[in-house]
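Here's a solo chain for you in structure tokens, the form predicted alone.
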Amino acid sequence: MLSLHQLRCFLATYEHGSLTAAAEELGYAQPSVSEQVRALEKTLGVPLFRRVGRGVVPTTLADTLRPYAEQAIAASEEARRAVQSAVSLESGTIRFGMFGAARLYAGAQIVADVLERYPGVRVELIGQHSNEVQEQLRRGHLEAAMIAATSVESEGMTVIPVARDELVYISADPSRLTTPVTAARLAKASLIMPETTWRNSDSVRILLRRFLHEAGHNPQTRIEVEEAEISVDLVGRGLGDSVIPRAAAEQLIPRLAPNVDWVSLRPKQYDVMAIVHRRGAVLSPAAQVLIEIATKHIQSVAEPI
């Protein structure tokens, strides 16, 4: 009989391409994982992996099984959370996914509001980037999240846009801020950009690439960093300019680089923030509380949709 334990072993093996690595992730002995995968193959009557060297390679049948296995694991997590939700609102843990920029200008107030309503709970805001948070959602580790909609892969997800934040050009040189910045001017700028690890999938980078490509230009950067705070600090030191969400600029510039100002792009560009959860999921009361509070605060600093 097919079991959740078998599916967890299958997914870990699929993701790592190794029974040994899967066992390490799950905290099991390697023979136990091998046994569970073999039992699953026997139940289904099909091979799921081929051995190649010291690893394994999934078959096309394993590719077919993967999304259903993820849905089954996620559904079991939802069932567990639903049973515990009443307790969670009094003394348990409330977990919610948020990408870095959203946490930057709303995270602290969201946590404070949750604790004001439910002083006995433990709060976790999860994730550094929208892609990371979306993976947590897909695997059932999170019920819901607020992430940048531009980078969302909507398959299997319900995406509800709640606010949009204008992208602005920031500089310590007033002469560069007299008029809105066109694609032609942006292509010539010496840019300092955050989110270097996620540069290919970051929502701001995606919007800027589209903005430049539509005008026949290619994006170029002078300095790549991880944190928006560092990029603003470097702009304040006169080492280049940057493009960041307006709400982040309003939060960071007065604190880190008061000599910096900003101007719009022409035409204006917007990053859209959305509530995302797995399609068809029954959200627990705890998740609904976080969605309500997070939406309220994001819409207070960005333009509501």
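Here the rigid core means the biggest group of C-alpha atoms that line up within 1.5 Å when the two forms are laid on top of each other. Predicted, not measured: the structure shown is a model, and the values here were computed from it. One-based numbering along the sequence shown.
The same protein also has a form predicted together with the DNA, omitted here; what follows describes it.
- Taking the partner from elsewhere, no residue among Ser171, Ile192 and Gly240 has a non-hydrogen atom within 4.5 angstroms of the DNA in the predicted complex.
- Site annotation in the predicted complex: the residue of Ile291, Leu19, Leu283, Leu11 reaching within 4.5 Å of the DNA with a heavy atom is Leu19.
- Contact annotation: of the candidates Val272, Ala257, Ile275, Val56, the single residue with a non-hydrogen atom within 4.5 angstroms of the DNA in the predicted complex is Val56.
- Considering the DNA in the predicted complex, the lone stretch of 64-72, 31-39, 241-249, 259-267 in range is 31-39 [heavy atom distance within 4.5 Å].
- Taking non-hydrogen atoms only, Gly45 never approaches the DNA to within 4.5 angstroms in the predicted complex.
- Positional change of Arg255 between this form and the one not shown stays under 2 Å at the C-alpha, relative to the superposed core.
- With the core held fixed, the Cα of Tyr270 is displaced between this form and the one not shown by less than 2 Å.
- In the core-superposed comparison between this form and the one not shown, the C-alpha atom of Leu239 has shifted by less than 2 angstroms.
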